[in-house]
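Only one chain is shown below, in structure tokens, and it's the form predicted on its own.
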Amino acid sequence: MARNYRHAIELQKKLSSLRRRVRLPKPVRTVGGADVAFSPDGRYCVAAVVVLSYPGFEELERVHSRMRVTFPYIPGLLSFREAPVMVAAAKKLSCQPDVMLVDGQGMAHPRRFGLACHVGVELGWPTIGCAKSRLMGTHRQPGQRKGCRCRLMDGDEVIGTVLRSREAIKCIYVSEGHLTELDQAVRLVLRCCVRYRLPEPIRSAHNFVTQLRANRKVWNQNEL
């Protein structure tokens, strides 16, 4: 648990050394998606994790967890707000997905340790960051057709991929989390983008967590 801003920075630097870049060791049969929402007063957060079959995208399991927010919103330190509740939810699953897509940055982060990396290292699971906006880096604009992509760069280093997941809509930002490799991650994310901008696992988790956020009972229950 990070005590303050400086401690959080040091923890990210330390934990980033644990992140591993490897190809997925076996064919993907199940894909998880994870997202977080906050209570109207901002005091609590709830995470939803949904597991789908791949490539059929049938829902196999959904779980959630709720916690009190213990860290302020600071760009670049989002994982200290969201990773604990996301990890707690994931640990409720009866079966580990082959890979989990996280609504947030992975390696495309100032210390190469965004939310997807944090969650992956904590769980020891393969994870991929799939963000709706850019935290850092530079890139040219991909073409307008689905599947067009370009490299997200920090100086001379490739830190992610800017991917057009649907024709003529805003791109998404894909980067490695833990125990994954970028090219493989991008191909998987694109295949998971069936009809919408977001990949199906994250979209399912987002829909679930939105329902949870609107349910007053979620915020009135005893702390987990």
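Every value quoted in this text rests on a predicted model; they were computed, and no experiment measured them. Residue indices: 1-based, along the sequence shown.
What follows is about the form predicted together with the DNA, which we do not show.
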Does at least one non-hydrogen atom of Pro126 fall within 4.5 angstroms of the DNA in the predicted complex? no
State yes or no: in the predicted complex, is some non-hydrogen atom of Pro97 no more than 4.5 angstroms from a non-hydrogen atom of the DNA? no
Is it the case that Gly104, even though its partner is missing from this view, gets within 4.5 Å of the DNA in the predicted complex, heavy atoms only? yes
4.5 Å heavy atom contact, Leu77 to the DNA in the predicted complex: yes
Only hit among Met153, Cys148, Leu135, Val87 for heavy atom within 4.5 Å of the DNA in the predicted complex is Leu135
What I'd like checked is whether His109, Leu115 and His206 together line the DNA in the predicted complex, meaning each has a non-hydrogen atom within 4.5 Å of it. yes
Partner absent here, but in the predicted complex, which of 53 to 61, 31 to 39, 153 to 161, 186 to 194 has residues with a heavy atom within 4.5 Å of the DNA? 31 to 39
